[in-house]
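The chain below stands alone and is given as structure tokens, in the form predicted alone.
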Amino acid sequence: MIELLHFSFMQNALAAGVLAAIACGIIGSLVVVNRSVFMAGGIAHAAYGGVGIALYFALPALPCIIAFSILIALVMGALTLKRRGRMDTVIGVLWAVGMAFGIILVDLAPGYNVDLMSFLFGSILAVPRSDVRLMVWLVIIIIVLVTCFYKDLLSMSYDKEFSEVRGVRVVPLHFLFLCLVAMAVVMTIRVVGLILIMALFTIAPFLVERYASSLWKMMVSSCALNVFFVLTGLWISYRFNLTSGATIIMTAALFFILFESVAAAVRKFHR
């Protein structure tokens, strides 16, 4: 595989994979500790509306998906903020509406776009240099915002009511969190696609959560684990001529099964 690094498409693929792994490690940790996996999944699937807008109006894909995903995140945040009991219903509706809106715009778009399936199932080998540059900026923004608001995000993640008593502005922080999720979603679309995106968000943080002594250690460990999944999945997909996005997710899933099996055996042995 070393000889492939001389090709620009493989350099772009590796860069995009590592950047997406970092974003998913950081934001995925927040998603897991906030128990907001379904909400993140809703944003991820509703983002297909941005794909439809980009194809229908012949605009650059990633900026359109970013704008639409953040819009959906803000709407979702506004509708669920005071309706915690109905949160799953609101998310389900926005999930379906976003995808339906995108599908209709794709149907109405002139011609057939052969790149369409890459948004559903990923096409990491087809990531252009312009998308990689945009992903770099998104990762920088995510890292800066999470670093600046780390203590407040930590407090909100574990006890919102206590955070409000301490003077933490939970409502703006709630919207910021959802916008960060939207940015991470957009970064991961090209790598594993909308259908498989939640696995890269949740597997690594779930495995690390019980062993990490702090949230930032959980984020760092999740980033490292995601990078391992991406690089290993890319190598396996190249070696056996498989679809890259699906192979990355299957690598993560197999590691999850193996890790949990070994952990269960160890716990049983020590009883």
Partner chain sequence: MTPKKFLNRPVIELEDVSFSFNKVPILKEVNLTIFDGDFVAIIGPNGGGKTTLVKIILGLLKPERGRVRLLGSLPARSRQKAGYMPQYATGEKDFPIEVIEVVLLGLMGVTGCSPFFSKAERKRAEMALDFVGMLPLAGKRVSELSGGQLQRTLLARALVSGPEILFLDEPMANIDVGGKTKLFDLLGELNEKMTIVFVTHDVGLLSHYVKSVVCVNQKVFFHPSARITPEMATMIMGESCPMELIAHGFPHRVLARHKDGLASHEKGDGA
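Numbering follows the first chain given and starts at 1. Since the structure is predicted, the reported quantities are computational estimates derived from the model, not experimental observations.
The form predicted together with its partner chain exists for this protein as well; it is not shown, and the discussion that follows is about that form.
Closest heavy atom of Arg129 to its partner chain in the predicted complex, within 4.5 Å or not?
Because no heavy atom of Arg129 falls inside 4.5 Å of its partner chain in the predicted complex, the answer is no.
Please check if Val165 has a heavy atom lying within 4.5 Å of any heavy atom of its partner chain in the predicted complex.
Taking the distances in the predicted complex, the answer for Val165 is yes, it comes within 4.5 Å of its partner chain.
Is Phe38 part of the interface with its partner chain in the predicted complex - any heavy atom within 4.5 Å?
Result no; Phe38 lies far from its partner chain in the predicted complex.
Does any part of Thr89 reach within 4.5 Å of its partner chain in the predicted complex? Heavy atoms only, please.
Thr89: no contact with its partner chain in the predicted complex.
Looking at 223-231, 53-61, 28-36, 237-245, which lies within 4.5 angstroms of its partner chain in the predicted complex, counting heavy atoms?
Heavy atoms within 4.5 Å of its partner chain in the predicted complex occur in 28-36.
Which residue among Cys148, Ile141, Ala96, Leu108 has a heavy atom within 4.5 angstroms of its partner chain in the predicted complex?
Checked against the cut-off, the match is Cys148.
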